[in-house]
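Presented as structure tokens, the chain that follows is alone, the form predicted on its own.
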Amino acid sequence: MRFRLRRPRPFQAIQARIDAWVLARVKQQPGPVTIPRQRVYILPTRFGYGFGLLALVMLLGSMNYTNSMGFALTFLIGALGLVGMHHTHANLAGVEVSAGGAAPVFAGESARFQLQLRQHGRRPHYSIAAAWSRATPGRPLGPPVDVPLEGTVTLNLALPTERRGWHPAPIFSIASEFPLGLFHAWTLIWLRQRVLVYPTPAADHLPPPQQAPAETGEAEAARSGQDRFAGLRGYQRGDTLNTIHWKSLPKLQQPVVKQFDDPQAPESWLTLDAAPGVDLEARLSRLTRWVLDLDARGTPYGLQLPDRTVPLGTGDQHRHRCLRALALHGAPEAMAT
């Protein structure tokens, strides 16, 4: 049974003060975190306030007319509200929350942090939703999910990014209004997770710098007309069947494609001096675009920055190493790990 979660509004100022008091006491944890009963906070929803006002009006009417049936109905409604409050609070307590990681994105895109919810008791949990805390404004509650017995469900939280580098995940809330929607129960959790944000690729496709390959013995030997095996990469739409590395399929459980490079093909060394731009960020964006373009062509390329060097190579791992180096250029050494 699912309900659309609504945030209570009549006492936003009071709730904001409560949130500030709670935020100051939230500690960062590696996870998983099991929500304890004493850390579950609960307030009536807008519907719950209306429900309480209705019960109060019925009570006053019953007292004014001394109507026994009115008293019975009022007490029944009151008891229903109290039972609903108890179940809403108990529905959230005991949920185990752990970090599921986040894939790297480019600056300007939204990173998607995954949260793994697992049942940690003798009963399932219904209509559980997640959202960033109020300190991260404009983040509505996501669609609620049910956590079954002995099962795990995944929630995604999108976080917009604006700059390159590491972005830590902020504090988020886990909430529920199950079963009646009269009360909004929530808790705040701060898991230790972060996402790597690459520089924004430059919009235009200027050709990257290219150099002739070094005259090494290996290169000369490879000029016999045969392509040189350069490694494996993930399968992409359009790859032919004869390029798939079938021997590794049972072990990896996903197809990978053999890559070859031409020893006589040009190589590209990407440096800040070769990248046009008015400032450092513009040059890093240009280098990011070149990395993506050269990777798409399968051309060997390397990266030279003042603080690190990535040797010549191709493939998905090599592209990630270069983009990671661009994302963390100029960052403190502790942040680069």
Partner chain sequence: MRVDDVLPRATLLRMLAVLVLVLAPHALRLPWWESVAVAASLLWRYAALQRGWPLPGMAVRVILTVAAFIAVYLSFGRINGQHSGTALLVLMTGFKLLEMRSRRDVMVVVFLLYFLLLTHFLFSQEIWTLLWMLSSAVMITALLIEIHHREPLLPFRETLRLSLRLTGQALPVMLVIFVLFPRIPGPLWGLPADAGASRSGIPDSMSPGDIADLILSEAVAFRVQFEGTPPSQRDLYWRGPVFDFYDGRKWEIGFRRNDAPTPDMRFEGAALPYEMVLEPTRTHWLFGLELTDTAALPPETRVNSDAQLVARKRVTERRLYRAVARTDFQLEPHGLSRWQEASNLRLPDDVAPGARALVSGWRNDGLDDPAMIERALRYFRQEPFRYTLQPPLLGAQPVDEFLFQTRAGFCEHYASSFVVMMRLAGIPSRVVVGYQGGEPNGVGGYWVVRQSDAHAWTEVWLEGVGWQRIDPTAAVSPDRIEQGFSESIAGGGAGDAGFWDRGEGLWTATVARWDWLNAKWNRWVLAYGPEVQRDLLSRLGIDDWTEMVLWLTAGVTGLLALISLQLLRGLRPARPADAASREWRRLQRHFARQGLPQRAHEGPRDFVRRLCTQRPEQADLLTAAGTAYQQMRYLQVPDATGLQRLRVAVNALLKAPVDRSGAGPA
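Positions refer to the first chain, counted from 1. Computed from a predicted structure; not experimentally measured.
The protein also exists as the form predicted together with the partner chain; that form is not presented, and the subsequent description refers to it.
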(Q) Based on heavy atom distances of 4.5 Å or less, which listed stretch (63-71, 269-277, 304-312, 23-31) is in contact with the partner chain in the predicted bound form? (A) 63-71
Q | Within 4.5 Å of the partner chain in the predicted bound form, all of Ala103, Ala175 and Tyr198 (non-hydrogen atom) | A | no
Q) With the cut-off set at 4.5 Å between non-hydrogen atoms, does Gly298 touch the partner chain in the predicted bound form? A) no
**Q.** Proximity of Glu96 to the partner chain in the predicted bound form, heavy atoms at 4.5 Å
**A.** no
Q. For Phe75, is any heavy atom within 4.5 Å of the partner chain in the predicted bound form, or not?
A. yes
Q. Using 4.5 Å between non-hydrogen atoms, is His125 touching the partner chain in the predicted bound form?
A. yes
Q) Pick from Gly165, Pro209, Gly84, Pro255: which has a non-hydrogen atom within 4.5 Å of the partner chain in the predicted bound form? A) Gly84
Q: Find the only residue in Leu188, Leu232, Ala107, Ala90 having a heavy atom within 4.5 Å of the partner chain in the predicted bound form.
A: Ala90
